[in-house]
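In structure tokens, the next block holds one chain alone, the form predicted alone.
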């Protein structure tokens, strides 16, 4: 046992180090690397990926993990037990997928985001289609390589991102939303609210938006010594330890609220990672326990805190100070109503709370069809546009506002999207539990978001991925997942 543990720890150290440099390359590529650097960086990535693979697939490392997994009962450290289980699951890819195919896929996805970004900027799906076809071809083969008696097809991909959630669970969840929420959504979005042209048609200079995003960093106590904010085509959070978790946002001069809520959303993610217990930094347990729980934090910070009247009562004066001309004459109440408006929209990241789950259901249906082979990538724009019309009553006019809006598939994140809707539902349940211990409105009115951060750290963040999503939900809320908290929250809010 002792020798196997020693081997495991030695290889873990190497894997963490290689992972760190792969992460740095990815961060650089997404934030500031010049376009001409792609080819050279790809060559270096190929070398790094090859070396990384050698370490992950080293016979003595595989043997150590297999032995420790087979002797879990002899391990006293609970966290190490969880880590060994996760390591064994992660290694199934290395063990069951042919090396050449896996390395080729890793190189493909390292380049794909650049291809996607260019296609999006030029509003041309055909530029991206060949790359996306290769990604889905691999994933259809992957589910065959990894299938078990319990998991097959799309369920294998879903389980990678939210352990324990398969099509069976997601279908029940989405059916609840369809039955309880969709009729209400159609009713609410049938009415169009009118707002000042300053809010709907105004021009909000990028530099002023950046200034307010920097202000928000301090409001949410996002530690500047452990993180930073940059700009990217698609806002994201990226980190490797509790001492280095970075975020990005984007700035549109015709959309003031986009950068505001993208920044708050990503800080919700980043706070989760930064508030992990530092003891997990050198282990495989650092990070969130699942994408659903992770998304619960970003959606809760963005929507339940960041869009509340209590929050803006404190921070709207600062926004008006920065945009003194642009927001002149716009009252607090009008601004709060504007950031909580509900409408049928095309862009997922700009969607309001009420319609957001519908955007996710569209992607869920499409992913199922692509993996099952019922839909071809070349027909994806047509299918996408039809589902948007069916679910939301609107149809994209361009690829950019339609099928090219998300970066996720370019990174191979198939099965990821459903966790967004699940995360929003988790958030409503967690919010109710937190409010029993802490008067959230009072904390926001007192600009005491540190108290909120302390609660999320104690009940969720500090555990990193040492607990399952179901265990975290039980610790935080003292009950199993119940989607009706989400339905009730939305109905109560939008009925007002």
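Predicted, not measured: the structure shown is a model, and the values here were computed from it. Positions refer to the first chain, counted from 1.
Below, we refer to the form predicted together with a further copy of the same chain, which is not included among the displayed structures.
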task = Tell me, out of 61, 455, 27, 431, which residue has a non-hydrogen atom within 4.5 angstroms of a further copy of the same chain in the predicted complex.
result = 27
key: Among the candidates 450, 470, 462, 54, the residue which, in the predicted complex, approaches a further copy of the same chain to within 4.5 Å (heavy atoms)   = 54
ask   = Is there a non-hydrogen atom of residue 32 within 4.5 angstroms of a non-hydrogen atom of a further copy of the same chain in the predicted complex?
value = yes
ask   = Looking in the predicted complex, any heavy atom of residue 71 within 4.5 Å of a further copy of the same chain?
value = no
query = Going by a heavy atom distance of 4.5 Å, is residue 225 a contact of a further copy of the same chain in the predicted complex?
reply = yes
key: Contact label in the predicted complex: residue 243 to a further copy of the same chain, heavy atom within 4.5 Å   = yes
note = Counting only non-hydrogen atoms, the one stretch of 76-84, 217-225, 401-409, 158-166 within 4.5 angstroms of a further copy of the same chain in the predicted complex is 217-225
query = For this chain shown on its own, do 17, 43 and 47 all sit within 4.5 Å of a further copy of the same chain in the predicted complex, going by heavy atoms?
reply = yes
query = Going through 371-395 from first to last, which residues have a non-hydrogen atom within 4.5 Å of a further copy of the same chain in the predicted complex?
reply = none
